[in-house]
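Given next, in structure tokens, is a single chain: the form predicted alone.
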Amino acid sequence: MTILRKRRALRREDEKWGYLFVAPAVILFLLFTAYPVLNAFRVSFQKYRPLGSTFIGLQNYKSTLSSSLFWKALWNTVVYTVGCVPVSLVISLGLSILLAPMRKWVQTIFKAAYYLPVLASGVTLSIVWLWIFSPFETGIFNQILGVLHIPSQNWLGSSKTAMLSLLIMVWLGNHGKNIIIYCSALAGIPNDLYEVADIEGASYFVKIRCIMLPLLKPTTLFLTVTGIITSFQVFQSAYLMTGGGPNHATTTIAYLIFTNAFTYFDFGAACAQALLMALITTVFAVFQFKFMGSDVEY
């Protein structure tokens, strides 16, 4: 009996240390994630005022769903997501496949180079891209158009090219995280499969189609889900590059929420829109796991 008591005492002692180590993460989650979400849910049913809010029921949701600007912002966000995520995945996968046969030290150099923009300040990158998209002849893109004898474009000042400009920013950079994840997944593919393919006389493209792509499905699903969630939250580029314009051509849901909250101080509407955005992204994630992940082993 004494041995059992000692084991139970040791087990309780281990549990106490386990709770102690988990407690900081749980406290941070409750303070900075759970409480803000619950408070936003509460505020979404109110006409918020610092000295006393008024309960108005579903009025914030009704006004949001009846607002043409909200639907335009949702459409802009969907366009940005559709134009951003698939192209980024294709570019990242292609670059990762090109890096796979290289030596490790060469891969490390390229990974660091591709990941460097992720570490750079968003404001600094925006200043660089503002110079690249400059409507004058000093802009790099307009210089390229001049060589091709094409008239200069007002990239960020025209509603026809503003969204395209934000997508070009993503297409020409911001692949570092995806490349590192894809390279790690490619490194985990057993070499035996490639050896069998060599014995069968398979070409490199056959290896990509029959070995790499099928085994990368879980990674692709993960990057697709996280990419869509991130794209739905796009704010920095729209705020710094175009200010949501021109004519609301680049106004996204996140930018609209920011404007309502910190320009018009309509926190109730902002919270309602934030919760609607969370619901939409959740529906998209469930849809992807259901229809894209049916043949994926987790």
Partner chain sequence: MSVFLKSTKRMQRSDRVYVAVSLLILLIAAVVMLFPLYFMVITSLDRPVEAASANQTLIPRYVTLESYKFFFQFSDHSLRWILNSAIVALCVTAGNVLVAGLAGYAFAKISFRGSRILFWMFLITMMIPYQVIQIPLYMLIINTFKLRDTYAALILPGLCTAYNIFLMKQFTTTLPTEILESAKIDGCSQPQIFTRIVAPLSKTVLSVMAITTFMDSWNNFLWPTLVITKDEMKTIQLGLTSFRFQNSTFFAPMMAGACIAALPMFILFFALQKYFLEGVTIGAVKG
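No experiment lies behind these values; they were computed from the predicted model shown. Residue numbers count along the first chain shown, from 1. Throughout, rigid core stands for the largest set of C-alpha atoms superposing within 1.5 Å between the two forms.
There is also a form predicted in complex with the partner chain; it is not shown, and the following applies to it.
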Which one, A162, A73, C84, I179, lies within 4.5 Å of the partner chain in the predicted complex by heavy atoms?
I179
Which of L172, I150, V90, L213 has a heavy atom within 4.5 Å of the partner chain in the predicted complex?
L172
Under a 4.5 Å heavy atom criterion, is Y80 part of the interface with the partner chain in the predicted complex?
no
Can you tell me whether V37 touches the partner chain? I mean in the predicted complex, with a 4.5 angstroms heavy atom cut-off.
yes
If you check in the predicted complex, is F287 within 4.5 Å of the partner chain, heavy atoms only?
no
Taking any heavy atom pair closer than or equal to 4.5 Å as contact, tell me whether E195 reaches the partner chain in the predicted complex.
yes
Using the arrangement in the predicted complex, list in sequence order the residues of 29-52 with any heavy atom within 4.5 angstroms of the partner chain.
F29, L31, F32, T33, Y35, P36, V37, N39, A40, V43, Y48
Is L20 among the residues whose Cα moves by 2 Å or more between this form and the one not shown after superposition of the rigid core?
yes
